[in-house]
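Below you'll find only one chain, the form predicted on its own, shown as structure tokens.
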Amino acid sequence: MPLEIDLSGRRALVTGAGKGIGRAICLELARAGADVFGVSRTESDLQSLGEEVAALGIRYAYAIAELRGPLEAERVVEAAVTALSAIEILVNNAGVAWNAPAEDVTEEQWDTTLDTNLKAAFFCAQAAGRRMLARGSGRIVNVTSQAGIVALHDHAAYCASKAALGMLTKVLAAEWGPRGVTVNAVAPTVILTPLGERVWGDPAKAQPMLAKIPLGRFGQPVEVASVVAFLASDLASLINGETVVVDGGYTAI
């Protein structure tokens, strides 16, 4: 088997596709040959992404959605199937983070975080998974976080949602693996997306976090996207129920 990620002829649905890690994932999947269906809340981001994907000679379509539950999940999966004829790859990347001390977290912040990061991911997996199971094959990759493995101050809801997504990955892998659908996750450290650069650009804030990363640096979106593409490919055909931590060693110490 050649050590080359080849997704030619595959069709992928990526949530949170407009910016940052999601955008990098869409482009990495497209470079590997997969057609792409992007989902985001911002149409201008999806349109500009489409221009980049089209430049690679890849089919592209999109849907605008605020993913919070089963109705929107079913709608976007059905739209993706209509546009691309089928979905073989689902990447649950959409997420939000409300940072606050635990004693100050509001019910709205908690519900928004859990609905977006966990509930929507499950129902997208369910909607896409039903179709994959009917065909007997498919790849689902959930984007979690190192914050689902180790505790971070002021991240109570976020940590809870990402830890739960990691366990959901295992449950789906156990149930669906025997029927041809693998389910895995990627858990990044701080990634220097435009938002990440704004949040962590202050050296006073960045240095304590960097001191905990043995490699001494934050990640780039493509470093997450390349792992997602690998897990979506035939090279990862025996990997199921795993979380690949992309954190420079943060969780190793």
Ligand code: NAP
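When you see a residue number, it is the position in the sequence shown, counting from 1. Every value quoted in this text rests on a predicted model; they were computed, and no experiment measured them.
Beyond the structure shown, there is the form predicted in complex with the ligand, which is absent from this document and is the topic of what follows.
When the ligand is considered in the predicted complex, only one residue from 41, 59, 217, 212 comes within 4.5 Å through any heavy atom, namely 41.
Although the ligand is omitted here, in the predicted complex none of 138, 182 and 245 has a heavy atom within 4.5 Å of it. When the ligand is considered in the predicted complex, residue 28 lies well away from it, no heavy atom lying within 4.5 Å. Although the partner is absent here, residue 116 is a contact residue: one of its heavy atoms lies within 4.5 angstroms of the ligand in the predicted complex.
Proximity of residue 21 to the ligand in the predicted complex: non-hydrogen atoms within 4.5 Å are present. Although the partner is absent from this view, residue 223 stays clear of the ligand in the predicted complex, with no non-hydrogen atom inside 4.5 angstroms. Contact with the ligand in the predicted complex, judged as any non-hydrogen atom within 4.5 angstroms, is confined among 171 to 179, 88 to 96, 130 to 138, 101 to 109 to 88 to 96. Residues from 59 to 75 that approach the ligand in the predicted complex with a non-hydrogen atom closer than or equal to 4.5 Å are 65, 66, 67, in the order they occur in the chain.
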